[in-house]
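Presented as structure tokens, the chain that follows is alone, the form predicted on its own.
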Amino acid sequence: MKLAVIGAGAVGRSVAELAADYGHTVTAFADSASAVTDADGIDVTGTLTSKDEQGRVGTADPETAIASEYDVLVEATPTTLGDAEPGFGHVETALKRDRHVVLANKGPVAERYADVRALERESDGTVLFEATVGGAMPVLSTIDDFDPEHISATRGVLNGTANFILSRMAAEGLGYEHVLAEAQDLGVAEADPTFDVEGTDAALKCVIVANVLAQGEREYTLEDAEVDGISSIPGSALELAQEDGRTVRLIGEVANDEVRVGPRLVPETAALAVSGTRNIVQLETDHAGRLNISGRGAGGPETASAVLADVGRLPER
């Protein structure tokens, strides 16, 4: 497949770097200010070197990448809320050109799911978005394999930054602010960690799962989620939990037509008590019981592997 990769952050870069290993060719690559295109395949190494040294992937306008020749548009720009732009506009353009779309950007399917599906129905292109939920973990493809009608609920730990902070607070008896600073020094937390620690990132992932499970019967957005974060949790709460053989994790849940994210007490030996940046999702199935899917929920190569797995599922053009 010929890929146009939009977004030159960790995920977009990794998709470009790994595409050849999966038998694909990157024919266009764009960041927010520039683009490079070549119908025979761009020089990925040279393009990334240009980005590192000059701050730009190329000399062309970014829109030339979206207008170029490709089979699959890989949308890996940062997630935005509300109108989900510019990601949604990129999806719309590709589908109107009857191209496939693979999303790493959560915005279009968390905030405008019905619009995306409507565009897909009018297009010869297909939209896939495994990478938007749980990085490398095959959450959405597993739901699809078992059929959403046979999944009654999902729950899990879906943000590595929040989980790292809670794990360190519990293990070392440290306060939130101290561990947050440590996480930022290690690159586990962003300079502005609000998206992660206030539960927004986990909630968006749960909203996407809710939309998949609803199968078009209703649309969920972030406004439909009940969300609480971890920034106000004192270290003493984790100490008290440990005395009772429990710990605290930021749990996202989709059940009974509701989406909820917040800190929850879980047994220290439970599957949901994953540590560090590890993620886990539990699927409650009608006929196979509870399934646990655990792994790396973020990271450039990890998330890129989910993107490229989606590319492999698409019909040839």
Partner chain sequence: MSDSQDEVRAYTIRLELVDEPGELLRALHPIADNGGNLLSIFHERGNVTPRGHIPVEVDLEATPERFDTIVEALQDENFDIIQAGAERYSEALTIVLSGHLVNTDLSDTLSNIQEATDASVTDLSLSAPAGTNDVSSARLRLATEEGKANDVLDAVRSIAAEKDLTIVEPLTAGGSA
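In this text, all values refer to a predicted model and were calculated from it rather than measured experimentally. Residue numbers count along the first chain shown, from 1.
Quick note: we don't show the form predicted together with its partner chain, though the next part is all about it.
Check Asp244 for me: does it contact its partner chain in the predicted bound form (non-hydrogen atoms, 4.5 angstroms)?
Result yes; Asp244 sits at the interface with its partner chain in the predicted bound form.
Heavy atom to heavy atom, is Ala39 within 4.5 Å of its partner chain in the predicted bound form?
It does not: once its partner chain is placed as it appears in the predicted bound form, Ala39 has no heavy atom within 4.5 Å of it.
Using a 4.5 Å heavy atom cut-off, state whether Ala271 contacts its partner chain in the predicted bound form.
Yes, Ala271 sits close enough to its partner chain in the predicted bound form that at least one of its heavy atoms falls within 4.5 Å.
Using 4.5 Å between non-hydrogen atoms, is Leu265 touching its partner chain in the predicted bound form?
Yes, contact at 4.5 Å.
Exactly one of Pro234, Gly82, Gly216, Pro148 has a non-hydrogen atom within 4.5 Å of its partner chain in the predicted bound form; which residue is it?
If I apply the 4.5 Å criterion carefully, the residue I get is Pro234.
What is the one choice in Val248, Val259, Val26, Ile66 with a heavy atom within 4.5 Å of its partner chain in the predicted bound form?
Selected residue: Val248.
Specify the contacting stretch among 45 to 53, 283 to 291, 27 to 35, 66 to 74, defined as having any heavy atom within 4.5 Å of its partner chain in the predicted bound form.
Among the listed stretches, the partner-contacting one is 283 to 291.
Heavy atoms within 4.5 Å of its partner chain in the predicted bound form is the criterion; list the residues of 1 to 31 that meet it.
Stretch hits: zero.
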